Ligand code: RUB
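So this first bit is one chain, no partners, the form predicted alone, shown in structure tokens.
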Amino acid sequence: MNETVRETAEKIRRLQVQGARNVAIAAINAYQTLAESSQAKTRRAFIAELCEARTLLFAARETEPLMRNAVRWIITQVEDSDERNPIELIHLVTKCSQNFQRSLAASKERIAEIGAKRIRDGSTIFTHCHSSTVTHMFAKAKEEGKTFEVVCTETRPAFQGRITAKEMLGLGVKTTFIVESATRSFMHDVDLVFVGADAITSEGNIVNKIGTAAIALLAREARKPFYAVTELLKFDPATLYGEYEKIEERSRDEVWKEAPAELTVRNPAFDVTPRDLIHGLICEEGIVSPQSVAEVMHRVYPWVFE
């Protein structure tokens, strides 16, 4: 197995690479490096290398459909091609990797443009964890000259909210940093809620950092619009055929390293926010209702279902 693939999988597993988009890009780059260093002499051997790498990367983090869709697309392009020469297949992987990354960059810009229109001058926005897509949308609104404030959670146990807070201060955005348990105390003072998503199910539910579902419930109680800001390719086609999106459970040491040995410590990394609590999905196709996401996916990315 290529060392770059092993290192990338380990970094993803250890949360050294965070955010669904960044995880997908890391996996794509690893695939490109794997292809370029391949010593395969036949088409079958080359595809076998790609499939072995896929298994390793998929196991690194269970809740990453964007990464899985990216890897599946690259392998599908290779399998569907008529090329037999491994050299030409290497070039194909490189081309596919570059095209996918360009598509991701374009979708990020489009999402930022659409989402920024929902930010009114003088508004206060609540967000949870860290999403590069959400913070890019904030940057776009700032670029448009809008003045707004952000309330963000610290996001235990890995404190990803600190990344968000630092980025907001870097943009010159007035930012309030709170613990998640203080959410209800602040929800009535905000205008709307934006969160990212790690996965979208066939029902239109979102899987995101643990605590998101509780925040959505509090937003409903306070009658504040709750939006998920996400690329459509975070849709998990397996959920269409009866599978549940897996919820990764991480090490107890992240929560309490010196905890008594006899103490049960649970550390789920994600939770599921039901579609009925989601005002809309802000994606590259516009703002779509969660109930229609499978239909939109069939129209825009039909290859996901193959």
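What you are looking at is a predicted structure, and each value in this text was computed from that prediction instead of being measured. Residue indices: 1-based, along the sequence shown.
Keep in mind the form predicted in complex with the ligand is missing from the figure; the text below concerns it.
For the options L233, I74, I125, A197, the residue carrying a heavy atom within 4.5 angstroms of the ligand in the predicted bound form is A197. Though the ligand is absent from this view, in the predicted bound form it lies within 4.5 Å of a heavy atom of just one residue from Q160, T183, S107, S202, which is Q160. Note on the interface: of 173-181, 82-90, 141-149, 127-135, the segment with non-hydrogen atoms within 4.5 angstroms of the ligand in the predicted bound form is 127-135.
In the predicted bound form, C283 stays away from the ligand, with no heavy atom inside 4.5 Å.
Taking the partner from elsewhere, R61 is found to have a heavy atom lying within 4.5 Å of the ligand in the predicted bound form. In the predicted bound form, the ligand sits within 4.5 Å of a heavy atom of G19. Residue contact with the ligand in the predicted bound form: I287 places no heavy atom within 4.5 Å of it. In this stretch, 248-276, the one residue having a heavy atom within 4.5 Å of the ligand in the predicted bound form is F270; the partner itself is omitted from this view.
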